[in-house]
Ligand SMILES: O=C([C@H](O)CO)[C@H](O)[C@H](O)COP(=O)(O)O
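Encoded as structure tokens, the following chain is the form predicted alone, with no partner shown.
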């Protein structure tokens, strides 16, 4: 049984949810919405969108790929066996808190070599990934290897990973409403092999 000294478990969980919520409010206030808005033209102009992240960030990018597919975009998750080669006219949307994850930086280099565009979502504006990107979206969150309690009291890169889902869902929400499609129209693209 989990031991939470001097506090009942339900109260400890309430405090944890409150902490996470407050950190997201602070992240929301620190987000540069012009940078976020600047991502939309890259998404709209791309023939195909390739999404990449590692670990929990990768899971958030997979979620974004699914929603982009529901909107009608040709979206692929880098590393899947059915993902084609990136080419000119395509976009690599890469999420990396540190901006220095080797496989993601290498993918960005490949994308640039093939004349594809790169959008980086990161906490580190001085990173290799940010240097390679055509557009950078900075998330005001701590990197996973830098436990900065002033930014986040959560473990590792949790705030960045959660924020990655929030900002990509915000982009998708705006694209959905701008596109004028109904939820029923999007549902036709939802998996029916479950």
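Bear in mind the structure is a predicted one, so any value in this text is a computation, not a measurement. Numbering follows the first chain given and starts at 1.
Keep in mind that the form predicted together with this ligand is not shown, yet the notes after this line are about it.
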Practice task
Please check if residue 57 has a heavy atom lying within 4.5 Å of any heavy atom of this ligand in the model of the complex.
Solution key: yes
Handout entry: Contact flag, residue 135 vs this ligand in the model of the complex, heavy atom cut 4.5 Å
Key = no
Practice task
Determine whether any heavy atom of residue 156 comes within 4.5 Å of a heavy atom of this ligand in the model of the complex, and answer yes or no.
Solution key: yes
Practice task
May I ask you to check whether residue 104 falls inside a 4.5 Å heavy atom distance of this ligand in the model of the complex?
Solution key: yes
Fill in the blank from the handout: Only one of 64-72, 159-167, 43-51, 26-34 sits within 4.5 Å of this ligand in the model of the complex by heavy atom distance, namely 159-167
